[in-house]
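One chain comes next, on its own, written out as structure tokens in the form predicted alone.
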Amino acid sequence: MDFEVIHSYIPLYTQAFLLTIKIGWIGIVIAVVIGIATAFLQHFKVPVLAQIASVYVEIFRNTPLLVQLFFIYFGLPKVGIMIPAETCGAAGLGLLGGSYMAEGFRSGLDAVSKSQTESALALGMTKVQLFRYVIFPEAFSLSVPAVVANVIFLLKETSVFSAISLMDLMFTAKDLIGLYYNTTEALFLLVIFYIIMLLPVSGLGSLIEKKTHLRTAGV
């Protein structure tokens, strides 16, 4: 392994890392918003919208992100809709992630016991107070493990962004290998930068899971 080559590649990987992080977290924020909205529509069985939400979840959970990106980036321009590569990446990740987040949040909402809601209403809480102080905190704490797992999953899915010409980590690695054939060095840095991206998220997620579990348990 040539460490001089590795040193010379680091600025390129740093630039690709920042782009990957930027698009990845924008996509994750979109996914959380879509996931919460979809979960509420399904949980509270809003007429028509609940059925649309269910169809959305099934479609996006059962198609690969790569196919979705190809459809958005290469397919939509055929009907006159041009989307920049970065926007396409964030939107694709957000739509895929939203379908997974929706299932996590919906499971949390479904797990809130009816006795809690009935007791809160019996104490004179309004529906707004019931949701704010009882349903949402409980559902959120129950959803945390699924949300953390989905965040890590979505960050790893950013590896397919290179297919739409985004100069992310994977694109940079493949480009350098193709140009200079320093495969070992390029792949070594690829692994290192993905660890740098994912390890803090995993650690923070475990800490949040522990704290929400203790809070739910009343410790």
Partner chain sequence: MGFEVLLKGNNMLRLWQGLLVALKISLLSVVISIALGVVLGILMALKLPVLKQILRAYLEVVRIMPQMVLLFLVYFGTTKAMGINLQAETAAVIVFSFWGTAEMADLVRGALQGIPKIQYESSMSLGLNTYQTYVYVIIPQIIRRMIPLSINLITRMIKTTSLVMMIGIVEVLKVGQQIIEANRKTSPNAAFGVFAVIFVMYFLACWPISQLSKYLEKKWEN
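These numbers were taken from a predicted model, which means no experiment stands behind them. Residue numbers count along the first chain shown, from 1.
Not pictured, yet referred to below: the form predicted in complex with the partner chain.
Asks: Wondering, does Val48 line up within 4.5 Å of the partner chain in the predicted complex on heavy atoms?
Replies: Taking the distances in the predicted complex, the answer for Val48 is no, it never comes within 4.5 Å of the partner chain.
Asks: Is Phe44 one of the residues lying within 4.5 Å of the partner chain in the predicted complex, judged by heavy atom distances?
Replies: No.
Asks: Can you tell me whether Leu198 touches the partner chain? I mean in the predicted complex, with a 4.5 angstroms heavy atom cut-off.
Replies: Looking in the predicted complex, residue contacts with the partner chain include Leu198, since a heavy atom lies within 4.5 Å.
Asks: Answer for Val160 alone: is it within 4.5 Å of the partner chain in the predicted complex, judged on heavy atom distances?
Replies: It does: once the partner chain is placed as it appears in the predicted complex, Val160 has a heavy atom within 4.5 Å of it.
Asks: Please pick, from Ala37, Leu66, Val29, Met167, the one residue with any non-hydrogen atom lying within 4.5 angstroms of the partner chain in the predicted complex.
Replies: It is Leu66.
Asks: Using the arrangement in the predicted complex, list in sequence order the residues of 188-203 with any heavy atom within 4.5 angstroms of the partner chain.
Replies: The stretch touches the partner through Leu190, Val191, Tyr194, Ile195, Leu198, Leu199, Ser202.
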